[in-house]
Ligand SMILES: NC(=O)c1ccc[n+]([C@@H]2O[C@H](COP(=O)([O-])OP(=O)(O)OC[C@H]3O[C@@H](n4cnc5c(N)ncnc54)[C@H](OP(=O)(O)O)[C@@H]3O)[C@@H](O)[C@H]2O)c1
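Listed next as structure tokens is one chain, alone, in the form predicted on its own.
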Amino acid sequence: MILRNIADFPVSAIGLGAMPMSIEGRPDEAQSIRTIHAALDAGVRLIDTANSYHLLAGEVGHNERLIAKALGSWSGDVASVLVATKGGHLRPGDGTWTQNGDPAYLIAAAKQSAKDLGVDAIGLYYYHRPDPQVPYAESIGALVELLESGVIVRAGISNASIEQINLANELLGGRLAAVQNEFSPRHRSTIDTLRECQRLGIAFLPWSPLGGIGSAKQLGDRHSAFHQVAANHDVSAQQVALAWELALGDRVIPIPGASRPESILDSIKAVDLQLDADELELLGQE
């Protein structure tokens, strides 16, 4: 099992980022379901989604419904799987993104996400991205209400600064479970938030941990140190990147995106890839 204790967010975990299954270039539904099943069969127990992971304006919740369908047809113990979703970041359908941090909207969105996921309570719900038009504390207040009313089991925030992490944790009474920020070999500016989460004992989930859609395949070409270490171990540069991220803290859970079984199965192998101190230093310096 890759995620050994979903309540405590332990070390050596890899989750599945399901976004590529619902946006531009998405595969057919059958392939997406095979990918989800392959991840689950290999031991992944965390799937990441959002109500905004869709292609067309009328498809809000597409990825959530896809995951619900895949879980419904999986032969394993669905109760062992933590599905995390997000609200507050909207995609009108024309390729642009907007924010809505209004508490009433977030509460309504979470309730709709629970319906789309087919669950009584969402295992982990994130405030997806700060809305500059709404005070951050008010948006986090919606998470407090969702926790207290039982709509969600755990609360998280995404695309957050250190100040926002500490404010959210304070307003949630120390119940901030996870922070999801962009972090990868090409995007290291959020290392301060990773370290703050480590200090606080909060899970840190790097999104786009391989550099993002369209860039993951070129990771080894763009970062020579990762190519070098990968060659030494006869593994992919993507595995090295994920193993490096896991080594940065025992609360780090990368969520590589995948739309093919082969991709997520390669990523999962990073859990067993041991990098020595010299290799970690080399990767950290690039």
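All residue numbers refer to positions in the sequence shown, first residue = 1. What you see is a predicted model, and the numbers here were worked out from it, not measured in a lab.
Heads up, the form predicted together with this ligand isn't pictured, but that's what we're talking about next.
Undergrad: Which single stretch, out of 254-262, 54-62, 223-231, 36-44, brings residue heavy atoms within 4.5 Å of this ligand in the predicted complex?
TA: After filtering at 4.5 Å, what remains is 254-262.
Undergrad: Which of G123, G118, G141, G211 has a heavy atom within 4.5 Å of this ligand in the predicted complex?
TA: In short, G211.
Undergrad: Given that this ligand is not shown alongside this chain, does I14 nevertheless sit within 4.5 Å of it in the predicted complex, heavy atom to heavy atom?
TA: I14 lies outside the contact set for this ligand.
Undergrad: For N159, is any heavy atom within 4.5 Å of this ligand in the predicted complex, or not?
TA: Taking the distances in the predicted complex, the answer for N159 is yes, it comes within 4.5 Å of this ligand.
Undergrad: So in the predicted complex, does S32 come within 4.5 Å of this ligand, heavy atom to heavy atom?
TA: S32 lies outside the contact set for this ligand.
Undergrad: Is N169 close enough to touch this ligand in the predicted complex, meaning at least one heavy atom pair within 4.5 Å?
TA: No.
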